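Heads up, the chain below is alone and in the form predicted alone; it's given as structure tokens.
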């Protein structure tokens, strides 16, 4: 890998940027089972994290991550749909036990094992329904090398601050493609400290909330008893059926993600004077959308651009922005317009135009064709 001191320019891929950013943000363990196209994340994680465990399968991966998180570590894994499908029950367990962790989900073409070396944007609705009961789990989506850096760090921060699993959504091309990139442009990452409960005046309750999120204590300390429970429970972590306190605790799991995620709404809204058309794209398709918007502007067609990074829960701001335009074009690499469905349900307004593709990346020209009359 060549590097120029003055510019910091080097040949690099998104996988290395993600792992380095996570390590600097405080992630200290990588647990994984290799799967295409997440293999580079597995490799770099084994080289960069303080602890690396090679699990025999994806179910074990999440179970080990939960155990490490309970001791105070911030674990990371990387997978694709087949692996994530096996992790799903344990993701729900970690969500209910309120254990911070980061799952990098590298999208590839499905269904099932699909095509391991073909990219896609087909997992958004899966993530929307990952938690039983329909509860939201934070999902951030990268749309370039800068995002691979800053959103990886942000995923670590959200996981710790909200005590929850967080998914960093990406795709094959974003994590495997190498290109020349100026690393000196990357912002400094501050380590996310994981504060511990420190009161000595009273007993510790594992799930007593403060600003919707309980104070954390690792199971390895000896001052207080810590109960972690993946079944319905009260503030002490004691198994309950449907008592008032237990139901309030379950409601809080949803409320903390929806309300506290307002602290982490990240998106790019590129505005041009006089524009009545908006292009919306996330992930790998955002690159084509940026090129399309730039080309349309050169042609004399004022066009705005929205690239959402915070995907779940869907921020209300997105609908507010979309409502300002007479024409909106939503582009995503799937055949069933998953982002549009999350935004509008089954009644997509007539002024919303959709650009979709299966098995191939969307080109700027395909977006431009939908914008121009």
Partner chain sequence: MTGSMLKTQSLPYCKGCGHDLIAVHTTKALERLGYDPLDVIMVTDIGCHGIIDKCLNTHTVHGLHGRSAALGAGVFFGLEDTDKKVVVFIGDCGATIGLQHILEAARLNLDICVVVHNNMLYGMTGGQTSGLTPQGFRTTTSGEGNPLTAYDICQLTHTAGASYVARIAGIGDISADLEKAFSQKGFSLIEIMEICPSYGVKLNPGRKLKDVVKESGREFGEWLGNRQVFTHQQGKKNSDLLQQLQLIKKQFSHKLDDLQTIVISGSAGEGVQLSANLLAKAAMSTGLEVTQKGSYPVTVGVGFSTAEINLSPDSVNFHGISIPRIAIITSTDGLNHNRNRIQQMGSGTLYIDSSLTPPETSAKIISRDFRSMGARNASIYAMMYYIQESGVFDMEAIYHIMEMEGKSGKLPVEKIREALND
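Not measured: the values here are computed from a predicted model. Numbering follows the first chain given and starts at 1.
As for the form predicted in complex with its partner chain, it is not shown, yet the points below apply to it.
Asker: Are all three of 50, 178 and 230 close to its partner chain in the predicted bound form, meaning a heavy atom of each within 4.5 Å?
Answerer: Yes, the whole candidate spot contacts its partner chain.
Asker: Does the 4.5 Å heavy atom contact test between residue 149 and its partner chain in the predicted bound form come out positive?
Answerer: It does: once its partner chain is placed as it appears in the predicted bound form, residue 149 has a heavy atom within 4.5 Å of it.
Asker: Quick one: is residue 44 in contact with its partner chain in the predicted bound form, heavy atoms, 4.5 Å cut-off?
Answerer: The answer is yes: residue 44 has a heavy atom within 4.5 Å of its partner chain.
Asker: Does its partner chain get within 4.5 angstroms of any non-hydrogen atom of residue 361 in the predicted bound form?
Answerer: Yes, residue 361 is a contact residue.
Asker: Taking heavy atoms and a 4.5 Å cut-off, does residue 329 contact its partner chain in the predicted bound form?
Answerer: Output for residue 329 is no: heavy atoms all beyond 4.5 Å of its partner chain.
Asker: Which one of these stretches, 85-93, 254-262, 134-142, 272-280, sits within 4.5 Å of its partner chain in the predicted bound form when only heavy atoms are counted?
Answerer: That would be 85-93.
Asker: Sort through 287, 235, 243, 295 and report the residue having a heavy atom within 4.5 Å of its partner chain in the predicted bound form.
Answerer: Residue within 4.5 Å of the partner: 287.
Asker: Quick one: from 219, 247, 125, 266, grab the residue that has a heavy atom within 4.5 Å of its partner chain in the predicted bound form.
Answerer: It is 219 that has a heavy atom within 4.5 Å of the partner.
Asker: Could you pull out the residues of 13-28 that have any heavy atom within 4.5 Å of its partner chain in the predicted bound form?
Answerer: 16, 17, 19, 20, 24, in sequence order.
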